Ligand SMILES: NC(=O)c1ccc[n+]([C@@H]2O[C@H](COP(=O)([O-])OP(=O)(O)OC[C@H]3O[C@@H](n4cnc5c(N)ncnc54)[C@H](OP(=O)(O)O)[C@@H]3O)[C@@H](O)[C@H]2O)c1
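Below you will find one chain, with nothing else, as structure tokens; this is the form predicted on its own, and questions on how it binds or moves follow later.
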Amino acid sequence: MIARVLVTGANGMLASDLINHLASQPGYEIVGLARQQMDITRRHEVAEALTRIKPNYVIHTAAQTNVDYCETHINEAFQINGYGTENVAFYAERVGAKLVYISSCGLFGDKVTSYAEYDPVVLKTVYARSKYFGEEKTREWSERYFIVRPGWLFGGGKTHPKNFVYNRYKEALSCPVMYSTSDKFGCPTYTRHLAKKIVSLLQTEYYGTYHITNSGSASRFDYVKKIIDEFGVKTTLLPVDSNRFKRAAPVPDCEILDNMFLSMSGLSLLPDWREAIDEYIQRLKRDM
């Protein structure tokens, strides 16, 4: 039996890897919709698309992910991340589809620790509040849902504007000295690894909220240093306080996630983030 999968936000890094991975697996028919094909904030467009496509699974990656932009565009952040998600959840449930909602690792606070799924959220930024509102709407309207909170995502092609890894490589080539924050912590996470785990999760009935990241954690400085070292660029990277980089959003100091529920469900954890960086950069080098 062929299962039809609808992926929203089809041009994104994670969506692209989801579509590619699903296409490599037998038994799936994939429909990827970008904003031009379905604006999730327009309820009638979501209703028309899901009623016509009748997916068995919906993987909802579409979002406004610019944290600083959200801080100064509150209505837009909630319209897309909150009410747009409500539209998707409502009509996914109406057509009988399982739903995956991609949330955020930025829901917690400044204490440097590993946050599990049961830990209370803090929601320091507008972005975090809007994404958590999307979680609430998912829980409200969908009975068969997986809420996935990923780590600091990297992946995609070198031309993707949000390609953090390749952009740091280009910066290192042009700067003899670079600076990166040593007081912000998270879990770098490869979109290709995450995509495979999401598809594995879809095949279960272990519904609920999951933290899914590559194993281990790093400061932003550690993350950037690993990228530069793996590319072999001879530039100097210096650790600095995050106050050096002024931002509109008061992003939390710690976005480290504990993948507790994934482990308790008997599903394997993702590889160490350093291995993931190595794997991804080798792929990039083949395309350079």
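One rule holds for the numbers: they count along the sequence shown, beginning at 1. Since the model is a prediction, treat every value here as computed from it, not as a measurement.
The form predicted together with the ligand is left out here; the points below concern that form.
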At 4.5 Å between heavy atoms, only one of the stretches 60-68, 22-30, 258-266, 233-241 reaches the ligand in the model of the complex; which one is it?
60-68
Non-hydrogen atom within 4.5 Å of the ligand in the model of the complex for each of G9, D39 and Y127:
yes
Report the residue, out of S217, S180, S104, T138, that has at least one non-hydrogen atom within 4.5 angstroms of the ligand in the model of the complex.
S104
Which residue, Y91, F108, Y166, W152, is the contact with the ligand in the model of the complex, using a 4.5 Å heavy atom cutoff?
W152
4.5 Å heavy atom contact, I277 to the ligand in the model of the complex
no
Though only this chain appears here, would R35 touch the ligand in the model of the complex if you measure heavy atom gaps against 4.5 Å?
yes
Would M13 count as touching the ligand in the model of the complex under a 4.5 Å heavy atom rule?
yes
Taking the shortest heavy atom distance, is I80 within 4.5 Å of the ligand in the model of the complex?
yes
